[in-house]
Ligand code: DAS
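The chain below stands alone and is given as structure tokens, in the form predicted alone.
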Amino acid sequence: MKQTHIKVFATGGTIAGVAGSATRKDYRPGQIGIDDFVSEIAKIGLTARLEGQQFANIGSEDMGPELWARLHVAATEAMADDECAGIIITHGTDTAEETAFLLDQTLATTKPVVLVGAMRAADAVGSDGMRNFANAIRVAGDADAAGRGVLLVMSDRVFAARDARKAHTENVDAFKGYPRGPVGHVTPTSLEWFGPAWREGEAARYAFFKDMPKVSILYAYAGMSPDNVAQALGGEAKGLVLAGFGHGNAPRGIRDALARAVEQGVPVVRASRVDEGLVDREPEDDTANFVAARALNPARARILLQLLLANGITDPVRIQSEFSRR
């Protein structure tokens, strides 16, 4: 039987981290090379043929545009390779949701693209990296994984990039999905999807740009000063995302300052610092031309606004329509 060919792009993170002790709390991310990792996974007996490429070996707190651009080029080339059935990206968990969402919006959906990480270093007691990676192989090698956008695999669950977010600092089941929850359940020997593919044959939604416009996130807090808005604009932000209270709320002075920013041509998206819940439009959005983030948290709202601005979409009404169809 012909082996499924899967390309693995490694970026480091905890899944490639080493503590030097099975019980040590701190560790160094990105210490194990992809060739060594692939050799270890081969001992499990999985039949997939893995082709590894080391893009970086960093903690994902250092992930950014340059590496995103390289990953995008490599994933695009892999999509065009008839021998390649799927793509896995090993990634630190801190910014995995941002990388996953960016690629989800800028890649076609013809082949599975799966991000995978770990919450415990490779040499820690109860390390979850090898199982997560085996699960990612199961997902990336499944033809039914195509047409679901970019996926993230952690703790025997499959999440869509549009929904995935890190919700715990330490637990192995650190990720949740909102509003849809997991889209599948996976183990090294089984895979069950919870519904049909929703993006079959869909082309990339937006063109990818390495140098995207600067968009700043403003985190709301009691007593927040309008100076925060001025500082963001002074830093040449081309768009602003409010991580607001509750339903995307903010002190009156902040709202007024944000409304003035919109008048100056700087789009403003209202998101929430709350873990779950939709941010719907409200009457003031119509008068101030704010955009409601809907189900996107501030991190993903920032990525989407960057993509929209980079693709020449600047009208608040059009921006809202793009946010509303996530």
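Bear in mind that the values here come from a model prediction, so they are computed numbers and not experimental data. Start at 1 and count along the sequence shown; that's the residue number.
Missing here is the form predicted in complex with this ligand; even so, the following discussion is about that form.
This chain appears without its partner; in the predicted bound form, the one residue of 52, 59, 267, 298 with a heavy atom within 4.5 Å of this ligand is 59. Note on the partner interface in the predicted bound form: the residue among 180, 131, 166, 185 having a heavy atom within 4.5 angstroms of this ligand is 166.
For the candidate spot formed by 213, 239 and 306, no residue has a non-hydrogen atom within 4.5 angstroms of this ligand in the predicted bound form.
Residues placing heavy atoms within 4.5 Å of this ligand in the predicted bound form fall in a single listed stretch, namely 88-96, out of 140-148, 239-247, 88-96, 221-229. In the predicted bound form, at least one heavy atom of residue 118 sits within 4.5 Å of this ligand.
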